[in-house]
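In structure tokens, one chain follows: the form predicted on its own.
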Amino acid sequence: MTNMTHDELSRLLYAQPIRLLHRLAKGQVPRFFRMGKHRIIQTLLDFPPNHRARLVADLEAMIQEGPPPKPSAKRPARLKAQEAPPKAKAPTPPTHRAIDHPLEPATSIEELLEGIGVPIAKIFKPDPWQEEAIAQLATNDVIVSVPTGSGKTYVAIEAMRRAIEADQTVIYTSPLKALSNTKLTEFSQIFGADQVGILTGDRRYNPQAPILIMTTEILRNLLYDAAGGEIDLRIDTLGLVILDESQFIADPERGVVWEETIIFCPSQSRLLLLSASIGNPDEIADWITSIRTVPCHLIHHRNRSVPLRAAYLDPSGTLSPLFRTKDITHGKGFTVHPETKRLFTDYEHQTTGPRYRR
């Protein structure tokens, strides 16, 4: 059997049930559960010659084992003899895709796009958590871990405004030079160009400004030098350090930079960490509290101010909802939209079908 030709192996594979082919493909063919019988077989046949011997051996072993045993239908011992078994209900005829969200019809593309555009102008009123974060910064370090679009930047701007009014220096860090340049433009429009400077690896502008924007690596290096007495970082006036995108503290390569920045940050400066995706903000807050002279207060919620939606754009130009539901809610399971399934299946047949024609 190990010396069979390509055509002999092909005929043998086609003679097997799909369940056996799934067992054979498991661990060898990525995403085999989404393939039909023809695709699984052709993928197996495309294995290099040095893998085919193992494939034939596995197939031979599975055929000899036969199908897996069915679950025993033995009556449970705890069922009393005098108890009659419940009367079997008549089977319900299957309906098309009844297993996909039977309680809720699939959303339409019109519903998915509803509300997109410029919102109606309203008087801004900060949320209670925003006011809480700003108030806590007067005496504590603060971590703000809330979803994207919730208003983290408002907290940063108000904290910066109060620090400047108190004649303190503010340092705002980001993980990317491109983001630092964007923040320079944004903060210059809010506070004035003379109030904002930037320090990155390839740009140095207005370094004596009360608001300094830089990458986290630059700040870490400046704190190193200041601790050694080599340069003056205006330590005596540094009142606020903002670490944006602070989920980078978990990065295997760059995370140590965030850790060292927090460790070397002057004790009189308040720390404000902003992120939408810290997985363990409570543990980070406890750690900062343990190494700093003031407690670290955590602001954490998962309520999205801006709904998150997803769509699928087919190569044909057709746009359809990606999931059956309109909005994506944290912690909820999702089922692919029926129309998207159809479009994706059609595209898959068009792009992969001819490749397997012999």
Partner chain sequence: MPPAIHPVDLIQVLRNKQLTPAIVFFTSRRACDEAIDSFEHRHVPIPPKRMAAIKKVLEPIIKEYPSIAHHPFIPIVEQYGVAAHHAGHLPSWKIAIEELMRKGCLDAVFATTTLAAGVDFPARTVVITQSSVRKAKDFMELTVSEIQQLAGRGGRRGKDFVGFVVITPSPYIDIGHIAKGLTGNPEPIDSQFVTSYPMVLNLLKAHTIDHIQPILEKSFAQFQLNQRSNTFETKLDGIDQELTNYGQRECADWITQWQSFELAKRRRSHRFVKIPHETAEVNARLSFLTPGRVVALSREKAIVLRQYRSRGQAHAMLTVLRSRGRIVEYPAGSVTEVVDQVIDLVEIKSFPWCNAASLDHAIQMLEELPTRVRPLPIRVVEDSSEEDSAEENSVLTETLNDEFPCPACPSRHACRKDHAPALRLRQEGHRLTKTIHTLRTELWHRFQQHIEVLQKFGYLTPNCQLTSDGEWARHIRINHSLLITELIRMEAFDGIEPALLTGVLASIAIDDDRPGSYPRRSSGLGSVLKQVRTVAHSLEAYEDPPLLRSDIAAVAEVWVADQNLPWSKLIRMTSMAEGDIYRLLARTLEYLSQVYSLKATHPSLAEVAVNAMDLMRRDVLEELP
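Residue numbers count along the first chain shown, from 1. Worth saying up front: this structure is predicted, and the values here are computed from it rather than measured. Superpose the two forms; the largest set of C-alphas matching within 1.5 Å is the rigid core.
Note that the form predicted together with the partner chain isn't included here; everything after this is about it.
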query	finding
Option touching the partner chain, based on a heavy atom within 4.5 Å in the model of the complex, out of T169, S269, S150, T216	S150
In the model of the complex, the one of L45, V56, A310, V29 near the partner chain [non-hydrogen atom within 4.5 angstroms]	A310
Location of the partner chain contact in the model of the complex, chosen stretch of 235-243, 116-124, 156-164, 131-139 [non-hydrogen atom, 4.5 Å]	116-124
Exercise: I263 in contact with the partner chain in the model of the complex, heavy atom 4.5 Å	yes
In the model of the complex, N280 touching the partner chain (heavy atom, 4.5 Å)	yes
Touches the partner chain in the model of the complex: A193 (any heavy atom, 4.5 Å)	no
Distance check, R304 to the partner chain in the model of the complex, heavy atom within 4.5 Å	yes
Residues from 279-297 in contact with the partner chain (non-hydrogen atom within 4.5 Å) in the model of the complex	G279, N280, E283, I284, D286, W287, S290, I291
CA of I291, rigid core aligned, shift of 2 Å or more between this form and the one not shown	no
Rigid core fit then N303 CA moved by 2 Å or more between this form and the one not shown	no
Did P207 shift 2 Å or more between this form and the one not shown, C-alpha, core superposed	no
